[in-house]
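The chain below stands alone, shown as structure tokens; this is the form predicted alone.
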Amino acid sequence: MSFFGFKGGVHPPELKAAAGKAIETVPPPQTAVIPLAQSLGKPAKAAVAKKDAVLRGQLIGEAQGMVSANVHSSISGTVKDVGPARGPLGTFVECVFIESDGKDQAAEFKGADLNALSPQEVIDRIKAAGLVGMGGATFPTHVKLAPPPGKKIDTLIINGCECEPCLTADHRLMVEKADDVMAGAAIFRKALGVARAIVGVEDNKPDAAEALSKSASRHGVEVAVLHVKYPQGAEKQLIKALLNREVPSGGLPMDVGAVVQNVATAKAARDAVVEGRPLYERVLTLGGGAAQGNRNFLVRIGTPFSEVVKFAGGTKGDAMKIVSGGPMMGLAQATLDLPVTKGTSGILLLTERETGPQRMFPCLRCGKCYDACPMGLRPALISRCVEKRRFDELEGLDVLDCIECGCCAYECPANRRIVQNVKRGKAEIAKIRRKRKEKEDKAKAEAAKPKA
């Protein structure tokens, strides 16, 4: 293949210390705290109540609406409670608390022959299994597989770039479960009705590319090896690098005939369709200078971060910062008493040297953030508008196109808090649009009233 690359981006240290570490299995937790909000959409509705007995893989949360995902128990035991607990976003969300019975009994899973299924039956099985994007976005997988009429999809892309520093969970999955990943890609291809499927892997993972290539022809999937560059794993940048197609401002990959799925999601799709097994566990990376070694673990959903860290031997010294995800796009956490979710790709325990407080200086107008932005935005200007509360100007600066990759902040010599300002700006735009709609609805209601 010819590779086209994308504008912007950066080259942070890779720090892939766990790349050569095989996946280890963390024992099921004694108490699983399973959030019902595990997708980028409406939270699921509890399908169990206090004192109910449940089995591993049993449905405990029913999806609400199209953009929502089912939630399943990751252990067998008894429901202790259904109520709020702190989630990875720092807010309290409805959770199902399950006390293990020590038996780890599974519900009955019914697999299927892919050749005997229609595309819609494939999508239905994926939806029932509660699959979401496991690269971190957690968008419900079945929605991506059902583009609206008029959106013609011709290419499926499986994202194996894992361009975030420190994270190696997808890398190990491709090395150890390459055939399952390729089988999942073939499942997605059938669901979409497309002839072409490509797995994109960066060239710092030669063992993964080799493992995938061995089963590529058997599943009718191409393997494309790309030069390392962050954030190549972002959907729009990967589409540009592989297909030379640019997703329009405010648009989606399906607007240019492509659908992108993560390799872990592909593996989960294979499990859901071939084995009938729902998504109740995932692979993640435990890393950082305060961790007892950087390793990759298969962890049940609902397992507290603290139990993963304990299984790995605890910490060495004090962790200055806890991050859920990678160092570029992950979210800092206040505690280890948080549950692993479908979107938890990593747990980083960072030392003061790795993430010590930095003094912030006035913007130097150097333009480095402009050059680094892979979306072609003007990060410094957006940030200044937020700081000066000029929120009405943000829509004209396309702030909603920001993918929050952190390239601008990484390159900023003045240590400006650009990403935090962008996130606030997006929230303020949402408020402005909500008020605008309320005003319009009120005006329509007044106009519809019969005149005296």
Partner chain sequence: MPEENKDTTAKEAPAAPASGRKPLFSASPHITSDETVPKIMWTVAAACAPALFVGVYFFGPAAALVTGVCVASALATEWAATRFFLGRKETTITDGSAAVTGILLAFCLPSSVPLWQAAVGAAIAVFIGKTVFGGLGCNIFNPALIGRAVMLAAWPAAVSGAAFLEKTASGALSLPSAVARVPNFVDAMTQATPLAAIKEGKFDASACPSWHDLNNLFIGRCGGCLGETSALAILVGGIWLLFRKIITWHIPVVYIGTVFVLTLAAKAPDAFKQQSMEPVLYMLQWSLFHVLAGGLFLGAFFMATDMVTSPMTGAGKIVFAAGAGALVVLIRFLGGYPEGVCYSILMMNMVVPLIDRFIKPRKFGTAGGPK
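What you are looking at is a predicted structure, and each value in this text was computed from that prediction instead of being measured. Residue numbers count along the first chain shown, from 1. Only the largest set of C-alpha atoms that superpose within 1.5 Å between the two forms is called the rigid core.
Just so you know, the form predicted together with its partner chain exists too; it's not on screen, but the next bit is about it.
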**Complete:** its partner chain in the predicted complex has a heavy atom of only one listed residue within 4.5 Å, and of Glu99, Glu121, Glu176, Glu352 that residue is Glu352
**Fill in**
In this chain shown alone, the residue from Gly193, Gly220, Pro248, Pro206 with a heavy atom within 4.5 Å of its partner chain in the predicted complex is Pro248
**Item:** Contact of Ala409 with its partner chain in the predicted complex (heavy atom, 4.5 Å)
**Value:** yes
**Asked** Do Pro413 and its partner chain come within 4.5 Å of each other in the predicted complex, heavy atoms counted?
**Response** yes
**Asked** Are any of the heavy atoms in Val225 no more than 4.5 Å from a heavy atom of its partner chain in the predicted complex?
**Response** no
**Asked** Looking at the partner-bound form in the predicted complex, is Gly276 within 4.5 Å of its partner chain by any heavy atom?
**Response** no
**Fill in**
The stretch from 211 to 219, 318 to 326, 126 to 134, 105 to 113 that lies within 4.5 Å of its partner chain in the predicted complex, judged by heavy atoms, is 318 to 326
**Item:** Within 4.5 Å of its partner chain in the predicted complex, all of Pro35, Lys50 and Lys267 (non-hydrogen atom)
**Value:** no
**Item:** Within 213 to 243, the residues that have a heavy atom no more than 4.5 Å from its partner chain in the predicted complex
**Value:** Lys236, Gln237, Lys240
**Request:** Answer yes if the CA of His11 moves 2 Å or more between the shown form and the other one after aligning the rigid core, and no otherwise.
**Result:** no
